[in-house]
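Below, in structure tokens: the form predicted on its own, a single chain.
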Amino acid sequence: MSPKPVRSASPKPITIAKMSTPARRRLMRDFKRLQEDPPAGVSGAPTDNNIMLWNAVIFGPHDTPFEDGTFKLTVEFTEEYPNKPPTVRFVSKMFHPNVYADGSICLDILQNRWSPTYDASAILTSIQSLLHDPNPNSPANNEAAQLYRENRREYEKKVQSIVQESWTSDSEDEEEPDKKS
């Protein structure tokens, strides 16, 4: 004998409504646009079960010390998107005048110059442009800003070391402390 289905007093549209908020619909459009017309050197996609949390990759721009680097980021959107910018953080180690130690990025379009016209593609290409053209006058990393202004060769040497680190996988990064002891 098969059990009878239990009817819930609360129908499922709550889940459906949550899935189709304006922010989530916009993120689906952003993702579709990013897939259909990907900008050079950047990629991004929602995590498996969360359209509000994306993993992204930015390739170091040509003719910069970041060239050949592969840098991972997370992009966290809220239900206020696109009216409020997402929180974007480098997961990969980064040495840059406009990137804080925790990976947060000091970029005007992610703060006071945000506009709802920016989409995920524009955010990622703006961050890639920041790698190409840092703003040492608004530093998030004072050491990087000072080296960028005063000793470009030393700055580029430090950037090259993080570019090389960007090639290693996450599992190798976790094993590294054991190798040093």
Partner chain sequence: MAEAFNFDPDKNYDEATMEQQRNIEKEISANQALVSFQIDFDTVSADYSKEDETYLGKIQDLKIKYKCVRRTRGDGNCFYRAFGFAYLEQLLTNQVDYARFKEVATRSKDELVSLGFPQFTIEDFHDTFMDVVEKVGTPCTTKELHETFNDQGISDYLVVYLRLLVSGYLQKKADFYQNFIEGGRSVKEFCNQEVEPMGKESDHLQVMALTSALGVAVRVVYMDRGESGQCNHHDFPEESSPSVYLLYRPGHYDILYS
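Residue numbers count along the first chain shown, from 1. Only a predicted model underlies this, so the values are computations on that prediction, with no experimental measurement involved.
Note that the form predicted together with the partner chain isn't included here; everything after this is about it.
Triplet Pro38, Thr64 and Asp68 all within 4.5 Å of the partner chain in the predicted bound form via a heavy atom: Checking in the predicted bound form: none of Pro38, Thr64 and Asp68 is within 4.5 Å of the partner chain.
Contact assignment for the partner chain in the predicted bound form, among Ser115, Asn151, Thr47, Asn135, heavy atom within 4.5 Å: Of Ser115, Asn151, Thr47, Asn135, the residue with a heavy atom within 4.5 Å of the partner chain in the predicted bound form is Ser115.
Among 50-58, 151-159, 125-133, 27-35, the region lying within 4.5 Å of the partner chain in the predicted bound form by heavy atom distance: Flagged stretch: 27-35.
4.5 angstroms heavy atom contact with the partner chain in the predicted bound form for Ala140: Taking the distances in the predicted bound form, the answer for Ala140 is yes, it comes within 4.5 Å of the partner chain.
Contact flag, Arg89 vs the partner chain in the predicted bound form, heavy atom cut 4.5 Å: Yes, contact at 4.5 Å.
Partner contacts in the predicted bound form for 70-95 (non-hydrogen atom within 4.5 angstroms of the partner chain): Going through 70-95 in order - heavy atoms within 4.5 Å of the partner chain in the predicted bound form - the hits are Glu80, Pro82, Asn83, Lys84, Pro85, Thr87, Arg89.
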